[in-house]
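As structure tokens, one chain now follows by itself in the form predicted on its own.
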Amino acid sequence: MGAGHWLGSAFLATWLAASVRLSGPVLLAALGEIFAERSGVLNVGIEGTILLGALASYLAAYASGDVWLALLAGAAGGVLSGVLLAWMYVTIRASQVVAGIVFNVLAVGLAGTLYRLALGASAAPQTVAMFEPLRFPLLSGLPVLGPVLFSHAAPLYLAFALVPAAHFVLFRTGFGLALRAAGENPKAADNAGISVARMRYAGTLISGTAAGMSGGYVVLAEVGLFRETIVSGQGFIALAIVILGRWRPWTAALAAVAFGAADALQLSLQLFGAGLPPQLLLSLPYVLTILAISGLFGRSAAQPAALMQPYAPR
């Protein structure tokens, strides 16, 4: 097939629209993770939190049929996960990497158990209500730009609306200043009267809430059902996005779209018959993740100085 086939409007529109849509879940998780890491906490447990948020959203949608209520249920599931993770990270000062990995393993078993208890061990997967794509008058009908930018579900626009909100909170409010102080120099923050533990709890809870919403996004705006493999490494991709985005919401949004484009590319190439092994195509976003965390794109002084350093006030 010639280059014109791959650059045709159908392929281009399909790929770009999927790129934007698939960036939503990892963007939500990454925005929350920025708050956690800015406070000094590396929340490795967001992978499991996304899974539990997806389960909470699925069960709420299955029981009520209300997609907004289901999205809130996903956020609530993320809050509960965040409370447990914050207790391990901040109160008992466990290794953040080990505690997060253990939580991820626990979340898989817990999600599978709760799902079977709710629907029955032999129940076949059942679809639930999903967000309908929003249609903007005139704009949705534009060639290429219409399907790429103006034909997505509400949670995607919510995710991108949270980017400037997150930037404002982090860099234009007293809360954001205190949060960043806890992650840069906790001793100085403590001497200034800032509760480092409170700030780190807040950062982890924000991370949990966003990750739970990310799981709800996957269920309610992408697949419409639940399975234990639904997350597929998106939490770890979100961690890479934070690094690639230099711990700032705006650049993290660009990184999320780049990861969404890598994920969408393998889907679009399979749809249009690229003739490449599907396993190779499926690896594209994970290869980009490895490159991001390897420092190939350059290391930055933006990393919080006290990241992963437990703090015990005297």
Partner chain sequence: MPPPWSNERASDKDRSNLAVNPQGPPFLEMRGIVKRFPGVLANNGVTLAVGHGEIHALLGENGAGKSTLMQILYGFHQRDAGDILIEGRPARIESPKQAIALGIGMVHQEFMLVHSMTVVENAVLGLNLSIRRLLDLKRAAAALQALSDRHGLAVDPHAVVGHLPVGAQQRVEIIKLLYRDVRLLILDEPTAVLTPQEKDGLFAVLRRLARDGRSVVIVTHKLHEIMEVADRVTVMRDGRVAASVRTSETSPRGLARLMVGRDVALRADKQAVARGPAVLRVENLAARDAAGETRLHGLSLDLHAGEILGIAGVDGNGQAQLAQALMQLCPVTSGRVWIGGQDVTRLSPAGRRAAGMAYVPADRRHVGSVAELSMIDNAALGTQARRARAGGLIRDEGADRGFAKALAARFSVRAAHLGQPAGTLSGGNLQKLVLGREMMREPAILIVEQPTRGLDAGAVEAVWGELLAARAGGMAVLLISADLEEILNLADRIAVMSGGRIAGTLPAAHASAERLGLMMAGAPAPDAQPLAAVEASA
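For clarity, every value in this text was computed on a predicted model and none was experimentally measured. Residue numbers count along the first chain shown, from 1.
Keep in mind that the form predicted in complex with the partner chain is missing from the display, and what follows is about it.
For the partner chain in the model of the complex, the listed stretch (102 to 110, 235 to 243, 73 to 81, 163 to 171) containing residues with heavy atoms inside 4.5 Å is 163 to 171.
Proximity of Trp87 to the partner chain in the model of the complex: non-hydrogen atoms within 4.5 Å are absent; the residue sits far from the partner. Residue contact check for Ile194: one or more of its heavy atoms lie within 4.5 Å of the partner chain in the model of the complex. Proximity of Phe175 to the partner chain in the model of the complex falls within the 4.5 Å heavy atom cutoff. Heavy atoms of Ala188 reach within 4.5 Å of the partner chain in the model of the complex, making it an interface residue.
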